[in-house]
Structures are given as C-alpha cells and as structure tokens.
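So this first bit is one chain, no partners, the form predicted on its own, shown in structure tokens.
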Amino acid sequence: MISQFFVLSQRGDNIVFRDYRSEVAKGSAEIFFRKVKFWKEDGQEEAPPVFNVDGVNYFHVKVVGLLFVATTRVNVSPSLVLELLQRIARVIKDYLGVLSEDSLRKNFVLVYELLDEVIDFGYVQTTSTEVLKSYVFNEPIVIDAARLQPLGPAAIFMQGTTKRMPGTAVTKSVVANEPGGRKREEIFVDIIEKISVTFSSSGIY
C-alpha cells in the first residue's frame, strides 16, 4: 500500500526516511518539498494534502511544523493514508513525549523501530501505543519541553512576553522512566541450548 514514509523539517531536511517497497525513486523527498514550497497550481497558494507527480501519489500532513509524508504508486484511499500519518505522529509523540525535530533526531533508533512495527512491507500492522509496548523496548531520550523554541516567524514577537510552562502530562513519554522513580521491573534473557548427539550406522545413539 505505502511505498515510502518520511518526515521533513520546515527547511526541507530529511529527518526520517523509510523505503518499504523500493517502487519510488530515492529523490522523492526532494521532489515533494520543491513541489510543496513552490506550489502554484489551480490558483492555490498552498499544496493540497494529496497530489500526484509523475505517477507517484504524495500524501502529507503537517504536525507541529513537521511534514509527515507517504508515497505510493497505487490507488489507495486518501483518507486512510492521511489518518495513518496522523496516527504515526501520535504514536511517536506518545513515545518521545515531545514531537519536534530535535526529539526525532535524538531518538532516531527508537523512531525507526516504531516504524518497522507499525508498517511492514507497506502494509499497516498496528497504530496502538499499548500494543506496541509489547514489541518496542528502546527507552526514549526525553527532551525538555521548556527548551523548545516556538515555531514560525511569529516567535520574534513573543520575546519578553510571559511564557506558560506546558503541563507535564502533555509532554511526558508513556514509556520513559521518571528520574528517581520506579522503573519497569522487566528482564529479557536469551537462552541458547546446544545438544551433541552421536549416531551409529544402525541409527542407535
């Protein structure tokens, strides 16, 4: 269903990229960003959530300044793919606590592990955070939400104004251990058994 999934920053930097089916060219992220940035079709100033370029369907949603994008060459339900992108963003936010370019870069191993569990060969497996807890064991590197810079050019007009601290429940990872708090009491052990057997020509051992 989905050929590629990637996340771009506001500058067009490729933060996360996963190619599931090798059906679309590797330069699709650059093609997408150039098309979105200089969109002038149908009298619109902003690109629609779904469009086609050279036989490739591009689906995208914008979440906190990040572009979550999926590509495919087949005809799929646009609402299904757009909902999937929103759910992937929500799952990543649940695990990282804060969804930002900085948190994605510092937790890229965890993000790729999540993507491999959510989508397999382009087909959706699950988007439930509770289900993923049974398969994803990496701990996130928690980013302090108070250090995040406001997004967009309007941030320069906010200097000197009173800042409100976000609630901890909003920016808290669902899997991260709190400093000094109770940790998950789990142990993972790999057991390897070796058996040596000698058979005679008659089959007796």
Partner chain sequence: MAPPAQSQRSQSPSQPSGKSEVSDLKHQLRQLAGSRAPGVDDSKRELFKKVISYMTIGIDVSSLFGEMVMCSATSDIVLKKMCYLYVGNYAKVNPDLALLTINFLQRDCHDEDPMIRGLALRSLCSLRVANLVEYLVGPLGSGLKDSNSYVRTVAVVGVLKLYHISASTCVDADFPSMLKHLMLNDSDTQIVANCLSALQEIWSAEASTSEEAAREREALISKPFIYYLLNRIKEFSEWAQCLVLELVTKYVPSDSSEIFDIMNLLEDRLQHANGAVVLATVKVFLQLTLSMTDVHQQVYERIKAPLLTLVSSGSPEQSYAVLSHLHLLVMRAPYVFSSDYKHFYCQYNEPSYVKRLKLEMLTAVANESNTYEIVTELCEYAANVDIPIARESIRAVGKIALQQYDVNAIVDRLLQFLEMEKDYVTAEALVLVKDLLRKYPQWSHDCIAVVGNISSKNVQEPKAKAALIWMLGEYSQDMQDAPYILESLVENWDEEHSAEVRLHLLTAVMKCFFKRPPETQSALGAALAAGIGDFHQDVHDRALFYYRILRYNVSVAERVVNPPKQAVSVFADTQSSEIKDRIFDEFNSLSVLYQKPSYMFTDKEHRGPLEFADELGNLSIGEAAHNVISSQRVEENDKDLLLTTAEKEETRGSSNNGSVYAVPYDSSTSVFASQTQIESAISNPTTAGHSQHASFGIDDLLGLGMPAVPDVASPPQLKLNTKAALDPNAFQQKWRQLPVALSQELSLSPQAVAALTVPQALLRHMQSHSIHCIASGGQSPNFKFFFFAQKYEEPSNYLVECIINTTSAKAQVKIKADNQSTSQAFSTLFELALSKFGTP
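For the two forms, the rigid core is made up of the largest set of C-alpha atoms that agree within 1.5 Å on superposition. Positions refer to the first chain, counted from 1. Bear in mind the structure is a predicted one, so any value in this text is a computation, not a measurement.
The form predicted in complex with the partner chain exists for this protein as well; it is not shown, and the discussion that follows is about that form.
**Q** Taking the partner chain in the model of the complex, would Q10, A70 and D102 all count as contacting it (heavy atom within 4.5 Å)?
**A** So, no: the whole triplet misses the partner chain.
**Q** Would T129 count as touching the partner chain in the model of the complex under a 4.5 Å heavy atom rule?
**A** Looking in the model of the complex, residue contacts with the partner chain do not include T129, since no heavy atom lies within 4.5 Å.
**Q** So in the model of the complex, is the partner chain close enough to P49 to count as touching (4.5 Å, heavy atoms)?
**A** Yes, P49 sits close enough to the partner chain in the model of the complex that at least one of its heavy atoms falls within 4.5 Å.
**Q** Even though the partner isn't displayed, in the model of the complex is L96 close enough to the partner chain, meaning a heavy atom within 4.5 Å?
**A** Taking the distances in the model of the complex, the answer for L96 is no, it never comes within 4.5 Å of the partner chain.
**Q** Although the partner isn't part of this model, could you tell me whether I195 comes within 4.5 Å of the partner chain in the model of the complex, counting any heavy atom of the residue?
**A** Close contact exists here: in the model of the complex, I195 approaches the partner chain to within 4.5 Å, heavy atoms only.
**Q** Counting only non-hydrogen atoms and a 4.5 Å cut-off, give the residues of 1 to 34 close to the partner chain in the model of the complex.
**A** Contacts from 1 to 34: M1, R11, G12, D13, N14, I15, V16, F17, R18, D19, Y20, R21, S22, E23, K26, G27, E30.
**Q** Compare the position of the CA of S22 between this form and the one not shown after a rigid core fit and state whether the shift reaches 2 Å.
**A** Where the cores coincide, S22 shows only a C-alpha shift between this form and the one not shown that is less than 2 Å.
**Q** Using a rigid core superposition, assess whether K194 undergoes a CA shift of 2 Å or more between this form and the one not shown.
**A** After core superposition, the C-alpha of K194 moves 2 Å or more between this form and the one not shown.
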